[in-house]
Ligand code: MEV
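Here we start with a single chain on its own, the form predicted alone, put down as structure tokens.
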Amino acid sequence: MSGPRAVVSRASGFSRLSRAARLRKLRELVALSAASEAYLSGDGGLSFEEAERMSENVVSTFGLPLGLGLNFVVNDREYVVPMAVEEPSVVAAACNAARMVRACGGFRAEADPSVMTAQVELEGVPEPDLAPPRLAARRADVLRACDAAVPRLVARGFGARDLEARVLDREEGVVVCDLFIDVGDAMGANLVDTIAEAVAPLIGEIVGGRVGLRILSNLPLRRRVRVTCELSDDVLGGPEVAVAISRASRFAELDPLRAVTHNKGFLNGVDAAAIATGQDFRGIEAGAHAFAAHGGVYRPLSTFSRTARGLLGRAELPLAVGTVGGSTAAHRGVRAAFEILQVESARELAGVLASVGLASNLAALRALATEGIQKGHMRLHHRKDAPPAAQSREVTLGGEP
């Protein structure tokens, strides 16, 4: 999917270029195949036949603007990030925040192995408290059965890694067995669903009761990504701005109502890049919000804290993404997006998406803490109502609404 890697993500004045000039500049930033160049030079649409294979009851296709997140440096590598989103301030915000972070060394990201969680539920288990030790005693047998259901995954070096049983309701004998599966570079939903259905009879035989649901969880707690960035006061616009951003971040830590909108600002960037690369953004959103509330109180996914020099930004969340399977082969636009992005694994992709999220979050907090979110956001928003010749190319650091 990714060819020889020679990427430059800095392109000053890109938003002021004509479409033809932007495409020429993109070819300078990233090497593209002829097929991707042809797709990007067209209207970005799918044929009806392609759409029919991807969905159900298809009558047409529905387009979104495909923009470029520029200036990104993650783990010392340059990235041009495709972003599919209808709100111009989201792309503009990410680009500007990435430029600030770039000046201070870029983002640092690390992602766990791609371990997804499959769940097998049982009801009416006669001795529910004995279910966990019984399954632990047969752990090797259960994991072998899991691997037998996905031989091609195992042949690539991945597969079942562990299991854990929990009693959910003693009175009704409700037990769940969580199966932890390394799915490699796939998002993994179909793989873990296949495993859950295949191994459920054996689990039922071991613990008794009736087999209930057999399905993945969209809260893959063993598949997290963490990203950080450091920014100097000078880059941010002075120590007063840095202090204001840290206070705005603290507000989200103290108030769940604010934390929801804070997290929406983070997910603006994640979702836009996830949609462009054909990811299950609905599953990403569900997992992110569940993780934010996992401790019993809804919390921010990201924080910005004051340092001696400026700010330290941090974010952590479960992020199930894939570079193979799903729409990555079926959608020409997704294939073109991956050529632009030039990632080599699902873990690398997770790190880039989380970095885009942190950039979006930083931009929104900076706008909120200084001029307010509406000034720049509405300036770009009104482009939707203006004739093309009158549309402003001004850049904003907003993006949270």
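Counting begins at 1, following the sequence as shown. Keep in mind it's a predicted model, so treat the numbers as computed, not measured.
There is also a form predicted together with (R)-mevalonate (MEV); it is not shown, and the following applies to it.
A.B. asks: Can you pick the one in D233, E78, E87, E121 that has a heavy atom within 4.5 Å of (R)-mevalonate (MEV) in the predicted bound form?
C.D. replies: Flagged contact: E87.
A.B. asks: Check each of L40, L368, V334, V30 and return the one that places a heavy atom within 4.5 angstroms of (R)-mevalonate (MEV) in the predicted bound form.
C.D. replies: The option sitting close enough to the partner is L368.
A.B. asks: Quick one: find which of 31-39, 55-63, 337-345, 360-368 has residues within 4.5 Å of (R)-mevalonate (MEV) in the predicted bound form by heavy atom distance.
C.D. replies: Heavy atoms within 4.5 Å of (R)-mevalonate (MEV) in the predicted bound form occur in 360-368.
A.B. asks: Even though (R)-mevalonate (MEV) is not shown here, does R139 get within 4.5 Å of it in the predicted bound form, heavy atoms only?
C.D. replies: No.
A.B. asks: Spell out, yes or no, whether the shortest heavy atom distance between R258 and (R)-mevalonate (MEV) in the predicted bound form is within 4.5 Å.
C.D. replies: Judged by the heavy-atom cut-off of 4.5 Å, R258 is in contact with (R)-mevalonate (MEV) in the predicted bound form.
A.B. asks: Verify the contact flag for K264: yes if a non-hydrogen atom of it lies within 4.5 Å of a non-hydrogen atom of (R)-mevalonate (MEV) in the predicted bound form, no if not.
C.D. replies: Flag for K264 set to yes.
A.B. asks: Indicate whether N268 is a 4.5 Å heavy atom neighbour of (R)-mevalonate (MEV) in the predicted bound form.
C.D. replies: It does: once (R)-mevalonate (MEV) is placed as it appears in the predicted bound form, N268 has a heavy atom within 4.5 Å of it.
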